[in-house]
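The chain below stands alone, shown as structure tokens; this is the form predicted on its own.
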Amino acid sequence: MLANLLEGLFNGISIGAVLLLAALGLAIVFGLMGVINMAHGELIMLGAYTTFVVQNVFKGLGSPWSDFYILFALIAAFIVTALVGVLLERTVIRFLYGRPLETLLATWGVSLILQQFIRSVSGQFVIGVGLFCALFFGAIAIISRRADYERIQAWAMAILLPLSAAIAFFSSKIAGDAFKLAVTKPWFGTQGVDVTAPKWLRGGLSLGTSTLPYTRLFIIALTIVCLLGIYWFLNKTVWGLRIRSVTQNRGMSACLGIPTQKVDAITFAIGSGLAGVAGVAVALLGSVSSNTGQAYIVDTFMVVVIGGVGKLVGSIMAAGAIGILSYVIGSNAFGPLFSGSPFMTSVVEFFATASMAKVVVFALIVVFLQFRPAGLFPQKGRTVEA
């Protein structure tokens, strides 16, 4: 009985570690900019798919490279999702600061676009989008050097946008007709893909009658490393100091010469990169699909809200509590404790499913927020004053 309870606690902590990885980036972004990023789950999904792609690349290289693909996947996932985060911040979020409802709706739309992108992306699609970006933005970069650019900007946009789109569309269509399935077949499609853990992460550590999977131990260790890295960056580097300064008071930071827009971009890149790292962990736990991010976004927001917006310590405590409660309740780890009472046994078994465990956790969170509406560690500074 005790062994089952300890095993349940360990699995709950490992789930909490995944939630914490996912929530770290969201806590930083939400705490600094007040942006409700509904596309954060899709950034986790992109990190998981990046892991899948890196795995396939390293399989072609053979041993021993294939045994260490996960280390390269972590770097690749961080870079890919960080770049997507910067693009999202530069093109969408930057124009919506101070308008949380609009950022929620805009990023929700981005999340739908990213889901459909994963389902539909193919060689033909990449050719079309790549050619359009090269033609349109390249032409804008050249024309913007003219002294009269502001006067002709509207006309340039009106001409270049449809012209670039038409050239890109017909070029991708010609490429599709010429190469058939080589460029028209979706890379991922709607079906899930599987990531296989490397050999050194298979199996588990035996402790008596219990076995602790190496994969979950790796995820816990990865979370600790990310936590220490974020703590070091925020407290020991110049840009970390600037981020904390902007978090406390954006107006005063700008008056002191801190480039707040650059701070926003760096913060969004870090938060998005951490979501990609979380995606690597998610990929090791099960099948990955275009809907993977949706399974984590709600729990991630719960971690941020309960812990206190922008508070790493609060996020750690909230992620651990939610992960342990969800697993212990859902796995019926408390069942043996009530074996002497048929009534209590039936009650515990009724809630011993993943869906009912989530209902119980939600109910407990609602009760908690009645007493601590600002979370374990309330936010201070600019966000509160706003």
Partner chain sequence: MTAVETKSQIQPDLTPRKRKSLLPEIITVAALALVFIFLAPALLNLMGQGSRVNQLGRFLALAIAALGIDLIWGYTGMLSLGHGIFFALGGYALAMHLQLQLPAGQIPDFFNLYGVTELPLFWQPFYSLPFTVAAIFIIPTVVAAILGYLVFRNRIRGVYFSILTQAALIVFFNFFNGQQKLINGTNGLKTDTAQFFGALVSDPRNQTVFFVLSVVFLALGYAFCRWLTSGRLGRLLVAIRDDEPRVRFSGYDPTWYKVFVFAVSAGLAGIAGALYTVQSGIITPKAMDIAFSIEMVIWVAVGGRATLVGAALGALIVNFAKTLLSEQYPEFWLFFQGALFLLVVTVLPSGFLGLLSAENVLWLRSRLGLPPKLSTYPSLEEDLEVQHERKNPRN
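Positions refer to the first chain, counted from 1. These numbers come from a predicted model, not from an experiment.
From this point on, the text means the form predicted together with its partner chain, which you will not see here.
Residue 130 falls outside the set of residues with a heavy atom inside 4.5 Å of its partner chain in the predicted bound form. Residue 109 belongs to the set of residues with a heavy atom inside 4.5 Å of its partner chain in the predicted bound form. Its partner chain in the predicted bound form is approached by residue 369, whose closest heavy atom lies within 4.5 angstroms of it. Residue contact check for residue 36: one or more of its heavy atoms lie within 4.5 Å of its partner chain in the predicted bound form.
Distance criterion of 4.5 Å from any heavy atom to its partner chain in the predicted bound form singles out 92 from the list 92, 139, 254, 220.
For the candidate set 261, 211, 191, 116, a heavy atom within 4.5 Å of its partner chain in the predicted bound form is found for exactly one residue, namely 116.
Considering its partner chain in the predicted bound form, the lone stretch of 48-56, 317-325, 61-69, 355-363 in range is 355-363 [heavy atom distance within 4.5 Å]. Shown here without its partner, the chain carries 96, 104 and 120, all of which come within 4.5 Å of its partner chain in the predicted bound form through at least one heavy atom.
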